[in-house]
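Quick heads-up: it's one chain on its own, the form predicted alone, in structure tokens.
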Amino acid sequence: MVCDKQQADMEVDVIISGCGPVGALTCNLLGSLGVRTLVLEQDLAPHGQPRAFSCDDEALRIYQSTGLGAELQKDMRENRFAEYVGETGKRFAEVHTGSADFGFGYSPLWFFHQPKVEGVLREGMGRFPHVKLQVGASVESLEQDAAGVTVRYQLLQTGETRTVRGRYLLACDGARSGVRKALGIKMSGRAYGEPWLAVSGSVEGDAPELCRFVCDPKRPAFVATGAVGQFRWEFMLMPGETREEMERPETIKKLLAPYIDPERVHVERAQVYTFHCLNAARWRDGNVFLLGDAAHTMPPFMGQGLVSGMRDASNLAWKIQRVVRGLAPASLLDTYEEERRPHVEAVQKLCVRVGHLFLARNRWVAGARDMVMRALQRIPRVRRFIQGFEFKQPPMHERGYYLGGGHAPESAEGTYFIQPKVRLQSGKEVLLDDAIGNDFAVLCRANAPSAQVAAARGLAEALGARLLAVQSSGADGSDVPAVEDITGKLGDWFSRHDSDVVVLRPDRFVFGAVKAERLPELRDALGV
């Protein structure tokens, strides 16, 4: 196939292969940034299966950035407590997720019903006239040159073949990505040999609210109350058990019986799966990028699989927009994998470690684990570390598109900025991101000398960013748009990092935080 845009039936900025949660989210992010996007989805309708189950505070903040956060959150359930129990059912660890606060605007564990999430995301795509979803479209081939990518696809209902030309192709087509295979990109890592049975469904009548990791060497399991009346049960298969045997209704009833009357359960999905911990050899090939499971797969023990794909989308969408609009060089896109891969690998390692805790198969090892964990939690700092969910991998980039090239010890660059509530000049209280929009933002102190405020205003104008002054509660008005720091957390952040001005990227990572005299250095690093 010749890469000649004149031959294409359609020309866009971005082609997305796959309209699962990551593809649909990516489309909404690009749509909100004005990027012309075509999504190719092979299935004629959403699959309707409740596969992914949980997300975190970062995910809700990303949903918020699409303008769909409130709509999505209303059908989610906030989890406030999780427990780990041993063979006897006695608890040996607990996590107080409801009181954990990492500063990003939401608590860190939420359960959702995937069909509802996908429905809202697909409906949200309709807000943008420059976005199109083509269902029943099977990607047949792709070819790229320096200027872009040509994709040939077939409409499954009619057999018609079409071509589309785009600057970039984003593969959001899952762990068995056809795009990745077409590029010859290999996956490496470990495929864990322990299959699991995942059962999803609803329960008639009252049901307990719980989130329990059953660390029983005879049958490790996970039980949780989900969103919109849903439940999730997961059971590890033992040696000799087969998929066919485990997916039978009578087997499922026996497995559910210790936890709930199986006659009250309406099973919507019961499927055996084997989890993997894999990474693609590279996440970019010319003008093609891999996102989500197409780039990496995650063990399930921290609920980070879908969230990792969402972080990919949030990292890449704004970079593509700036390159497409001529606001940044194409080399900016090289920072996608540079920033995201180390974090993904760190989360994968954490998931494996938690899995080892969860999956002890020897009865004596499991008993020793329970005793050690209880003993360790008599130490106050260890207890706070576990109960406060502090073992969760923080969002941070060691290298990338930042002042100084990345995060250094004690520096703000490369960290995820906080999102406290603020009061607008109208008197309305909102989360910070709702006050600064979805592009770059420049924050400064409201009580700064006029020359500093003028310099910050000049930086914001050159960058095309929103300028906001952070005003302490009860302080006098500001000469620039301001938000009132009603919690005091923004003022504390500025003081802790000894900064007068902070530049936030559209994904809300800190590009740079400096004293006023270093503003020229900050402008140089931004290229404005």
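Computed from a prediction, not measured in an experiment: that's the story for all the values here. Quick note: we count residues from 1 along the sequence shown, nothing fancier.
Absent from the display: the form predicted in complex with a small molecule. The rest refers to it.
Each of A137, P300 and G305 comes within 4.5 Å of the small molecule in the predicted complex, counting any heavy atom.
Among heavy atoms of E338, none comes within 4.5 Å of the small molecule in the predicted complex. The closest non-hydrogen atom of G119 lies beyond 4.5 Å of the small molecule in the predicted complex. Among heavy atoms of F391, none comes within 4.5 Å of the small molecule in the predicted complex. At the 4.5 Å threshold, heavy atoms of A482 stay clear of the small molecule in the predicted complex, well away from it. The contact with the small molecule in the predicted complex, taken as any heavy atom within 4.5 Å, belongs to A52 out of L33, A52, L463, L68. Checking Q114, Q230, T150, Q348 against the small molecule in the predicted complex, a heavy atom within 4.5 Å turns up for just one residue: Q114.
Residues with any non-hydrogen atom within 4.5 angstroms of the small molecule in the predicted complex fall in just one of 268-276, 420-428, 322-330, 437-445: 268-276.
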